[in-house]
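The form predicted alone is given below as one chain in structure tokens.
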């Protein structure tokens, strides 16, 4: 027997609930305004100078994650070599800052210390000009990505083969940098920067300025990524991911579509590396090799690669967990990170960003009738 509920005929009819529908551009504007309030007002007032510098570091890593979210989340390109482009942008900025600290006609301090060179290498000289160095932090990674992607995508290399190839490129760059100790600092990399375009980096006020630049850069990249995702190109990128042969049959070149996403992601990683140098104060091969490249992807997977904010949340969360847990469990952090990645992929494929949608689906589950 099933229990039923009867309604009083004399009772007034129930007023239907009105749902307020917010358009996509309005939601985006609200989201960016909330992010700006959080990054530019709440965080600087609530965090100490040390914690704020850590947040600037995390936001630089989140900028790399935005590019991976575009290339991997929308285009299906598992890029395990983003450390290459992060390093190219970082070293380009570091070279300019070292030359600015040394002064006109002088060798950077590490070159004088090693004593292997009597004159500045020719490929260092253009970076003395900020008009060359600043564009190079973005354009140089994009150029390398364009050359590599043109060769790879036209030969229809994809999937695991593309991931392994990009990872091998990161390993090759690390080997090159370590072997060039006299010109790149070798294993130690480039560090001990004194100024950033005339501003003393030891001054806490200037460090906050660097944080604001990093936060603004992240919001700018998020706006660019959203514009690409919601454009006709974004739809075409998803179509290539889901059915490359169908897109080719319709007259589009999938290699060009994937190449654009790969180049844009490389430019984002290069900008992140350039801002990482003044924010953290160092760039070395340990920060751009195979392991950091994998950590970038882990952060995107944990946050959720299918939505815009997922990679940012995941990158910040993983970086914060690494800083916190590695202090208490230095030998076990790598295993904890791997376990976190496996658990998210197995039980939460959409990442942390899918938790609100999952909770809404659970609330909307119709209740079963109560039998008596």
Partner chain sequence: MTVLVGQLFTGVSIGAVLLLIALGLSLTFGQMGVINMAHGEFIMAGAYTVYVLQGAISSAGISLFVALPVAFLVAGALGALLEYLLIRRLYARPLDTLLVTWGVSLILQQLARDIFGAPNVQTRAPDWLTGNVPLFGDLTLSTNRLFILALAILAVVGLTLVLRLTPLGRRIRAVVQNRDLAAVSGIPTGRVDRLTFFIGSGLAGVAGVALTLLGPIGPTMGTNLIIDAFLVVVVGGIGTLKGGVIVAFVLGTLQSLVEYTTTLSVAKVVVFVAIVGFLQWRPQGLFTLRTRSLA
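Residue numbers count along the first chain shown, from 1. This structure is a prediction, so every number in the text was calculated from the model and none was measured.
One more form of this protein, predicted together with its partner chain, exists but is not displayed; see below.
Trainee: With the partner absent here, would 155, 171 and 176 each sit within 4.5 Å of its partner chain in the predicted bound form, counting heavy atoms only?
Mentor: Spot residues vs its partner chain: full contact, yes.
Trainee: Which among 224-232, 133-141, 147-155, 95-103 is in contact with its partner chain in the predicted bound form, heavy atoms within 4.5 angstroms?
Mentor: The contacting stretch is 147-155.
Trainee: Quick one: from 239, 128, 120, 165, grab the residue that has a heavy atom within 4.5 Å of its partner chain in the predicted bound form.
Mentor: Comparing distances to its partner chain in the predicted bound form, the residue within 4.5 Å is 165.
Trainee: Would you kindly say which of 30, 38, 46, 342 lies with a heavy atom within 4.5 Å of its partner chain in the predicted bound form?
Mentor: It is 342 that has a heavy atom within 4.5 Å of the partner.
Trainee: Does residue 337 reach its partner chain in the predicted bound form if we count a contact as any heavy atom within 4.5 Å?
Mentor: Residue 337: yes, in contact with its partner chain in the predicted bound form.
Trainee: Flag residue 42 as yes or no: does it have a non-hydrogen atom within 4.5 angstroms of any non-hydrogen atom of its partner chain in the predicted bound form?
Mentor: Result no; residue 42 lies far from its partner chain in the predicted bound form.
Trainee: Closest heavy atom of residue 250 to its partner chain in the predicted bound form, within 4.5 Å or not?
Mentor: Answer no; every heavy atom of residue 250 is more than 4.5 Å from its partner chain in the predicted bound form.
Trainee: Using 4.5 Å between non-hydrogen atoms, is residue 349 touching its partner chain in the predicted bound form?
Mentor: So residue 349 counts as contacting its partner chain.
Trainee: If you look in the predicted bound form, which residues in 62-84 sit within 4.5 Å of its partner chain (heavy atoms)?
Mentor: Heavy-atom contacts to its partner chain in the predicted bound form: 72, 76, 78, 80.
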